[in-house]
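As a starting point, one isolated chain is supplied in structure tokens, in the form predicted on its own.
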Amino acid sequence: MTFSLSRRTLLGGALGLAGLELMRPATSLAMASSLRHQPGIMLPQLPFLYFITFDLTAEKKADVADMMRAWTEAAEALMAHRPAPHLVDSGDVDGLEPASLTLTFGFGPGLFTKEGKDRYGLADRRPAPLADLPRFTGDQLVPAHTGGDVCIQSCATDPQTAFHAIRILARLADGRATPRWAQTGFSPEFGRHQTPRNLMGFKDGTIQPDIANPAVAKRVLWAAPTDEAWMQGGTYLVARIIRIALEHWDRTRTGFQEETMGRQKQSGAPIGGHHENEPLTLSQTDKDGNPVTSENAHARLAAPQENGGAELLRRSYSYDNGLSYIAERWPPWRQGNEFDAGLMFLAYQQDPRTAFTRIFERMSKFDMMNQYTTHIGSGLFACPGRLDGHYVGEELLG
């Protein structure tokens, strides 16, 4: 598969080679000159993902700090297309062109408390937005694909480069953390200024907050000034593995697919509209007084207007894990080998309690899409900012 050198590739490369993007937090002037966001959060999105979580096995906080120091040092080298220091490289990316690699790290609730215990003396520094997600209606979360004490998001224009970085970082975790679950993903380039299509054939990501506007990013994406000091410049990640019953979906007539989605399939326009970026038809009714966009349509239930203005930044990827023996949740209730495929949903936000949870509580109960989708994996992570010259998480672990 070949990808053109598009805007998202160029900007992704700029983020990767720079290591971390400079920002201006609501802190002192001295800190503002050196506090940065992690890469791999702001758009544009790179086409290949390798996402992995780890369970910490380290007995002391100092051991976790040493791992994060090693990970940060290796990440800076890898994003600059250099070998990671202090390791014999596997050599599997030798000869490949630089692939705009970005690496993003996050801390899960298990870093702070595990099985009710304050394992590293950090329980009182757990930020309030890192509150455990509730169990949503319809969740069928698989423990082996849920949770994690730390996570790594690796994105690149080449899948081998994304995986190579994960292999390096997993080696550096030896004796301090063990892999828990992983998911790969892809988001093909559909052309300049074109919204990608997901495996259901619909455009995915039409409505995104304008994070190029600093005021919007400050409100929607970055940790609030009142949040923990070590989270300044950071954000919160909700990761969900969503299996899609593609066999069921593909046998559904297009008209019902569009009613379910709340958008037209080919153009991406709202129901009753003509162009993808038109406002959703949420207040319009037909000649009989019925809503043009169904009350239970996916687009309506996800819209900020329907959720008190709640927004989040989507960085979703399609995935294909081959075949699995599956019993469908809805008619015709087939059982057998089906495609184990769907969406690796990654959402960054200022506070999951008022963004993802607020939005998805309604969607999990009423979304027409639920007859085709099942949430089978989940993770919640705090992705801190970083001071220049410090490793990721040093303000918490140091």
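All of these numbers come straight from a predicted model, not from anything done at the bench. So that there is no doubt, residue numbering starts at 1 and follows the sequence shown.
Just so it is clear, the following notes concern the form predicted together with a further copy of the same chain, a form of the same protein that is not shown.
- Taking a 4.5 Å heavy atom cutoff to a further copy of the same chain in the predicted complex, the contact residue among Glu278, Asp210, Asp118, Asp320 is Asp320.
- Of the candidates Glu306, Asp204, Asp158, Glu259, Asp158 is the one whose heavy atoms come within 4.5 Å of a further copy of the same chain in the predicted complex; the others do not.
- Of the candidate stretches 119-127, 78-86, 283-291, 248-256, only 248-256 has residues whose heavy atoms lie within 4.5 Å of a further copy of the same chain in the predicted complex.
- a further copy of the same chain in the predicted complex is approached by Leu96, whose closest heavy atom lies within 4.5 angstroms of it.
- Of the heavy atoms in Met200, some are within 4.5 Å of a further copy of the same chain in the predicted complex.
- A residue is said to contact a partner when one of its heavy atoms sits within 4.5 Å of a partner heavy atom; Ala217 fails this definition for a further copy of the same chain in the predicted complex, lying far away.
- At the 4.5 Å threshold, heavy atoms of Gln266 reach a further copy of the same chain in the predicted complex.
- If you check a further copy of the same chain in the predicted complex, you find a heavy atom from every one of Phe48, Ser90 and Asp174 within 4.5 Å.
- Contacts to a further copy of the same chain in the predicted complex (heavy atom within 4.5 Å) from stretch 178-199: Pro179, Arg180, Trp181, Ala182, Thr184, Phe186, Pro188, Glu189, Phe190, Arg197, Asn198, Leu199.
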